[in-house]
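Below, in structure tokens: the form predicted alone, a single chain.
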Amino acid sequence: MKKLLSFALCTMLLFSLAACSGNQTATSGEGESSTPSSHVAETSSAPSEPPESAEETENSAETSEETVSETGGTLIAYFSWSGNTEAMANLIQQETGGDLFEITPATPYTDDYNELLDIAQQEQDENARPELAFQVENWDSYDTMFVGYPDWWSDAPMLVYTFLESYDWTGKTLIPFCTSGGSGFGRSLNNLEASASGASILNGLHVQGDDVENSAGEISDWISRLGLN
């Protein structure tokens, strides 16, 4: 009888151990599966870049086209001390629709005419290149350049040569214009070619300083003969 009772107790104990082992296995299984599940959730929540729409692609193409600089423009660059050359530049601008640019020295010239003559003579003797105050920012957008100046001692002011030598003139068209008391271009036309290497230089126009205000017709005829259009 005792043997039967012991056998029964052993059997019951074995079933109890088996049941506990099964519960532990299930609990462990849930713990292992929770980690991969959390990892998958984190991966799927990572932001992804949406594909570029057709409209965005078109806008990008338009932006790229807008950044390409246009060429073929006309620039009217001039240095004027008394105002005569500036007046002539304005008349040329009215005929061509070009952009105006004033060639300005970093150190302004004196307002005294006699003192100015001495300075101009000294700059020529030294073949000086006075510093410019400003530069043309969009040089490559221009193909045609009118360059104007007063005649100083039968030559262009040395500041004008500083301007010419500051840029690449390859493939550009240079058209000089000049004002003076009567000496014309002097020797400046020969010097322009050396300072604007690579430029095609067309026939320029000289106007007496006192006649600039009445030179609109002469300027119009000159520009027409250049055949720029």
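This is a predicted model, so every value here is computed, not measured. Residue numbers here begin at 1 and follow the sequence given.
Although it is not shown, the form predicted in complex with a small molecule is what the next lines describe.
*Asks:* Counting only non-hydrogen atoms and a 4.5 angstroms cut-off, does G171 reach the small molecule in the predicted bound form?
*Replies:* Outside the cut-off, so no.
*Asks:* Although the partner isn't part of this model, could you tell me whether T104 comes within 4.5 Å of the small molecule in the predicted bound form, counting any heavy atom of the residue?
*Replies:* Judged by the heavy-atom cut-off of 4.5 Å, T104 is well away from the small molecule in the predicted bound form.
*Asks:* Please run the contact check for W153 against the small molecule in the predicted bound form: heavy atoms, 4.5 angstroms, yes or no?
*Replies:* Answer yes; at least one heavy atom of W153 falls within 4.5 Å of the small molecule in the predicted bound form.
*Asks:* Since only the chain is shown here, I'm wondering whether L116 would be in contact with the small molecule in the predicted bound form (any heavy atom pair within 4.5 Å).
*Replies:* So L116 counts as contacting the small molecule.
*Asks:* At 4.5 Å between heavy atoms, only one of the stretches 126-134, 139-147, 92-100, 78-86 reaches the small molecule in the predicted bound form; which one is it?
*Replies:* That would be stretch 78-86.
*Asks:* Counting any non-hydrogen atom inside 4.5 Å, which residue from S197, S166, S183, N203 sits next to the small molecule in the predicted bound form?
*Replies:* Only one listed residue qualifies here, and that residue is S183.
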